[in-house]
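Starting off, we have a lone chain in the form predicted alone, written out as structure tokens.
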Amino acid sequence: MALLEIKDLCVAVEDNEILKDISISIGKGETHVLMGPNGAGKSTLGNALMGNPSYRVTKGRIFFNGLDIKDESPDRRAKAGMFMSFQNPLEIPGISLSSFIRNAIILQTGQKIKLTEFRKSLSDNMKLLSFDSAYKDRDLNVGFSGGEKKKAEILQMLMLKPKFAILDETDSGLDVDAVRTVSEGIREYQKQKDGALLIITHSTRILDSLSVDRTHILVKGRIVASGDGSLVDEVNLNGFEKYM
């Protein structure tokens, strides 16, 4: 049984249909890549999967762990083990990065976490991401650079250990060193036994050092091609012109 099953999904924003008959099946432990030119609808799919109310499902089904979640709220999807890192993370004054992550873990699991255990795990993951430990006490994303915001998103993923993670344009706006660091965090997540990934991107930089099981090309709201990891290399060489 697939961990995530998307069947004939159509999604609209207001009266504008963005996605048309999307079908993707993602198994436990698999890494899928969704690529396409700007405006293809890639981020729309991520938001629809997480239940963002601005994105209206007009047709199709979404199954997660065998359960139909099409009508579930975003918080229930998160508690079920879904996670999404955002292309433009929000700033949240008044709550530190550390407190935000700890509260998120408690809400997700329904159980308290030992403070010493939490602090050690947070410290280890921040070191992995070359993330200055002082940021744990700063307000979430307030005054963070673009790279620091993306590191904070990957840090949340590593700490929450979701069953399924959507990474939306995580490499957008990052320099070479930051992309390398974020990729290290993604590889660490891939070591999780059953954790699955959907990496949404229009470039290939973040994929250079990652293992990819399936690649999907999205153009004008439709999946126009699917294949294995070699499809990433083809796009890297020839772009999306042949699919337009």
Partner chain sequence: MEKERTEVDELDRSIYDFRYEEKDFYRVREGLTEEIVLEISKEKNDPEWMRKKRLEALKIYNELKVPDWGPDISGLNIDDIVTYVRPNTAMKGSWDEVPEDIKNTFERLGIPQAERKSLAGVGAQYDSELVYHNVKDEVSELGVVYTDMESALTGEYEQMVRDHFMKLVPPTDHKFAALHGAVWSGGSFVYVPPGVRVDIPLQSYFRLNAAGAGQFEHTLIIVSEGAELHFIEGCSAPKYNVANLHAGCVELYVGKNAKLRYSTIENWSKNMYNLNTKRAICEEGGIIEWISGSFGSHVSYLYPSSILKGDDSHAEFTGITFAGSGQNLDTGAKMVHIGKRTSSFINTKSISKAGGISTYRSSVIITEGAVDSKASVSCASLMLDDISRSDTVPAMDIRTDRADVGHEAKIGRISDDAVFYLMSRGIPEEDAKAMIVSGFADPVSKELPLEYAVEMNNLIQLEMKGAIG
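Predicted model only: the values in this text are computed from it and were never measured. Numbering follows the first chain given and starts at 1.
We do not show the form predicted in complex with its partner chain, though everything after this point is about it.
Considering its partner chain in the predicted bound form, the lone stretch of 112 to 120, 169 to 177, 125 to 133, 73 to 81 in range is 73 to 81 [heavy atom distance within 4.5 Å].
No member of the trio I62, T215 and S226 reaches its partner chain in the predicted bound form with any non-hydrogen atom inside 4.5 Å. Using a 4.5 angstroms limit between non-hydrogen atoms, P89 touches its partner chain in the predicted bound form. Looking at S145, you'd find every heavy atom of it more than 4.5 angstroms from its partner chain in the predicted bound form. Proximity of M159 to its partner chain in the predicted bound form falls outside the 4.5 Å heavy atom cutoff. Taking the partner from elsewhere, M50 is found to have a heavy atom lying within 4.5 Å of its partner chain in the predicted bound form.
Shown without its partner, the chain has L140, N141, E153 in segment 129 to 155 as residues with a non-hydrogen atom within 4.5 angstroms of its partner chain in the predicted bound form.
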